[in-house]
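Let's start with one chain on its own, the form predicted alone, as structure tokens.
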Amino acid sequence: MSVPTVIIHRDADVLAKAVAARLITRLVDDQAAKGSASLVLTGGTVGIATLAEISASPARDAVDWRNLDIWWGDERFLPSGDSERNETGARKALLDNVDVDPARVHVMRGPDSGMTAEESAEAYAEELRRASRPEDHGPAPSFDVLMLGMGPDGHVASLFPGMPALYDTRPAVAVHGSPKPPPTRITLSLPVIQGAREVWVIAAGEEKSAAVRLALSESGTMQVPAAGARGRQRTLFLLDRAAASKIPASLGRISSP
């Protein structure tokens, strides 16, 4: 796993703009190199704001949206179209505004599909298996970029401290009794996250600062899941100044005045 690089931006608005610009560049470079790219989306305030910034950017047209595979790191087990679903926020902020291939938008299904949460997780795991290639060396693709938000408790995706999903090695897992509503969710497992080429942890706000410090320390993954959020080739912690306020100055690189 890679050692994290920490990049600090002035505030949450600048952070969203900077992550959007960085992501457009990354996707364009990956598509130029191999014809397609794969991206795992996150929800949350900054995650959705980032997608809105991409939508508003003239540079968005440099991305070949038809040759982009889009996945989610986690999803709330709610019906399609529910305003609390990460998918709904992503569609409104970006996906409905660009020419994506519907067959390459990989959605975690909700209860309106007739599936239980366990069945939905297994269906997503099977979709991941079908998309993986021999060079991925595992039951899921080695995503080009996997974006994660982070909670004040250090959770990433729907992997919460001390919960059984952290121990699960299946590609996608159902989560029950989440400490953050709604209680039932679907999440990628930690091995799948760690199989991504690049993992970007995005966090803003002083309430995240203690968790950020722990995630960059030697904390155990079971206590601070974000401490295990590492990509195979590169890991970025993309923070605003408030979220970075408790880490040593030597760790951070300021990218905006």
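Residue numbers run from 1 along the displayed sequence. All of these numbers come straight from a predicted model, not from anything done at the bench.
Separately, the form predicted together with a small molecule exists; it is not shown, and the next lines address it.
If you check in the model of the complex, is Val173 within 4.5 Å of the small molecule, heavy atoms only? Residue-level check for Val173: no, no contact with the small molecule.
The small molecule contact in the model of the complex: Pro139, any heavy atom under 4.5 Å: Outside the cut-off, so no.
Is there a heavy atom of Gly43 lying 4.5 Å or less from a heavy atom of the small molecule in the model of the complex? Output for Gly43 is yes: heavy atoms within 4.5 Å of the small molecule.
Residue-level contact is defined here as any heavy atom of the residue lying within 4.5 Å of the small molecule in the model of the complex; does Lys180 satisfy this criterion? Lys180: yes, in contact with the small molecule in the model of the complex.
The small molecule in the model of the complex: contacting segment from 220-228, 43-51, 60-68, 190-198, heavy atom within 4.5 Å: Checking each option against the 4.5 Å cut-off leaves 43-51.
In the model of the complex, does each of Arg76, Ala157 and Lys208 have a heavy atom within 4.5 Å of the small molecule? Contact check passed for all of Arg76, Ala157 and Lys208.
Would you mind picking the one in Leu94, Met150, Ala165, Leu128 that has a heavy atom within 4.5 Å of the small molecule in the model of the complex? That would be Met150.
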